[in-house]
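Just one chain follows, in the form predicted alone, and it is written as structure tokens.
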Amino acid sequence: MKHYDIIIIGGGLAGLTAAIHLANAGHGILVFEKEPYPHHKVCGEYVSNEVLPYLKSLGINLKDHKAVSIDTLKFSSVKGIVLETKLPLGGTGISRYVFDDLLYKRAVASGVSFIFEGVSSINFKTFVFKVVTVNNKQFTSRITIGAYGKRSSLDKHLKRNFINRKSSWLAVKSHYKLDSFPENQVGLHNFNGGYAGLSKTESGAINFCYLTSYKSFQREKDIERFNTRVVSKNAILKNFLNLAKPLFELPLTIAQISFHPKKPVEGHVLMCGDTAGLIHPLCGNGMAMAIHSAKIASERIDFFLKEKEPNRNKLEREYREEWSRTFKKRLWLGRQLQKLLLNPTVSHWGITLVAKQPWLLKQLIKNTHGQPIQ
């Protein structure tokens, strides 16, 4: 049974960032990821510039990989209200296909080990974690990080409270080609029962990703029909779908997305990224939050492992506290914004108010994003 300093379950943005950070600090790391790189994931593929300085400190410069600079937000409602504003910090457009792969290659170069296999259980006993894979391979570690995404069978294994609550959200993603789409713009467009994001990636492809409720989707039961009969009620989205050429054979989907509050520590496992808390996509900050949460966890873990007398209770308490200070307000505000946008009457009056007072939109953006991190 092989032992590591740290086992990370999930090789997305949070898991890979933590792996690089901790390997650079001299620790032995094993990452479990179900699927070999590169691969596409359902994601808005817009990362806030607040994390770019930190990524550079890890040796990752997104501009070296043709990432797109985005400085403008265009917002539209079903009833035709259109707002446009400059983003306070701006963002970067890059596909998860490229982003995850470059992080993976950096992690391998830093000495991180990978196993492309699912994990069935995590157990903590006598200061050691035992991690068992779906093929019954067993490994141990002093620290385990959960970075396996929005939901997993591990959530049931760890008896996390949110997993038994109803999750009625579905996300759909595909890439399209449309030469006339502005490179510097991210779009957020409301439709009945959901909202969609549009932004360019490093390849020139436009990422079209939307979130909708099951209630809204089930009336149509088919993505193409739903796009035609529901999504296209928004004039900007209708025009996009009519003109753009799909690049995927079929859209990617993910179901049962939960926005219910989660705990950042469960069963002594430190949770990062979406595993710790999922911000509503309309805030455009999920990728940056995943990376930032990995930084917070990595700094705490590095200190814990180098202490002469490590205190696990202190590690967990301080991570919970810092995670909550950094993200809890953003997550709460995201839930309120989603309630507003999905209520046709309230959203119409709210959007009308913002249209008359554009500074309100910038203030909302600032309150769901952070300051640049080193």
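One-based numbering along the sequence shown. None of the values given here were measured: they were computed from a predicted structure.
As for the form predicted in complex with a small molecule, it is not shown, yet the points below apply to it.
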message = If contact means a heavy atom within 4.5 Å, which one of 213 to 221, 72 to 80, 267 to 275, 156 to 164 is the stretch that engages the small molecule in the predicted complex?
response = 267 to 275
query = Hey, in the predicted complex, does residue 62 get a heavy atom within 4.5 angstroms of the small molecule?
reply = no
ask   = Quick one: is residue 96 in contact with the small molecule in the predicted complex, heavy atoms, 4.5 Å cut-off?
value = yes
message = Under a 4.5 Å heavy atom criterion, is residue 298 part of the interface with the small molecule in the predicted complex?
response = no
key: Proximity of residue 43 to the small molecule in the predicted complex, heavy atoms at 4.5 Å   = yes
remark   = Interface check vs the small molecule in the predicted complex: of 192, 152, 168, 203, the one with a heavy atom inside 4.5 Å is 152
